[in-house]
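Only one chain is included here, represented as structure tokens and corresponding to the form predicted on its own.
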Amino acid sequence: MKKIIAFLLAAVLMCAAFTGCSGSDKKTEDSGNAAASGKTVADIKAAGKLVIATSPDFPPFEELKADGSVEGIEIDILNMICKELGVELEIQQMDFESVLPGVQAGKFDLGVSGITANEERKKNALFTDPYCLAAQAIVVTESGSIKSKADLKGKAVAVQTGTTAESFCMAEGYKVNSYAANSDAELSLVNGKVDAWVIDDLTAAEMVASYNESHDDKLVILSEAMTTEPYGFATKLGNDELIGEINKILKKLLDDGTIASVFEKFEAPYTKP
């Protein structure tokens, strides 16, 4: 009798164990499916806003104005995207190196700041189709000895932390000084701490022009670029449906010349991807 009772108890415990495992597996599966589905357009519309993370020290793409507002090429494009989606644009400001980690953690819907959509970043974030092509420019002092990319061998260059300029220059073996803001990188060149400053070409053109207006020791942009790369907007892996819809809007804006006109508004040269 005791053996029968023991057998029955063992059977009940085994059933409970299997049931518990099935429930746990089901929860894990559901959780995985929820994560895979990602944030959708319906989620954005329900919230009534598209939240972006940006570092507004990157004119003409993003620039912080005296009144605290942010304007620029990407802001105009994103406002157009929001209009198509029927939502408002919410801007969260931070250092560039915090933009992609914040997006990857799902804290923001999109990361924008002239972000290069390269293969390394695509491992941890999902990108829209590119909306323009940009180059990494080499900025030097007019009175300095650097006249070409070849002259930079063994020299020190200033870059913004977390940018492709930083990773590229490190990979090429340059002595790299990294700064949180491009304004600090520019200052390090002016003060002679580095021999060159590597930055996206459109931003270089605007910042160099602004500097040269009020200084005698001019800065110049070398005709030879460091590298060429595509710009896109980043989001968390799994947000495929959202990016798919944004890509449709971007294609429309590219095809009808709207994005080209935004660059023209900011007096910036445009290279269509």
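A residue's number is simply how far along the shown sequence it sits, counting from 1. Only a predicted model underlies this, so the values are computations on that prediction, with no experimental measurement involved.
The same protein also has a form predicted together with arginine (ARG), omitted here; what follows describes it.
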Can you tell me whether F108 touches arginine (ARG)? I mean in the predicted bound form, with a 4.5 angstroms heavy atom cut-off. no
D200, heavy atom within 4.5 angstroms of arginine (ARG) in the predicted bound form: yes
Would Y174 show up as a contact with arginine (ARG) in the predicted bound form if we use heavy atoms at 4.5 Å? no
Would you please decide whether G72 lies within 4.5 angstroms of arginine (ARG) in the predicted bound form, comparing each non-hydrogen atom pair? no
In the predicted bound form, does every one of N79, T128 and F233 come within 4.5 Å of arginine (ARG), counting any heavy atom? no
The stretch from 215-223, 243-251, 39-47, 56-64 that lies within 4.5 Å of arginine (ARG) in the predicted bound form, judged by heavy atoms, is 56-64
Scan 103-135 and write down, in order along the chain, each residue with a heavy atom lying within 4.5 Å of arginine (ARG) in the predicted bound form. S113, G114, I115, T116, R121
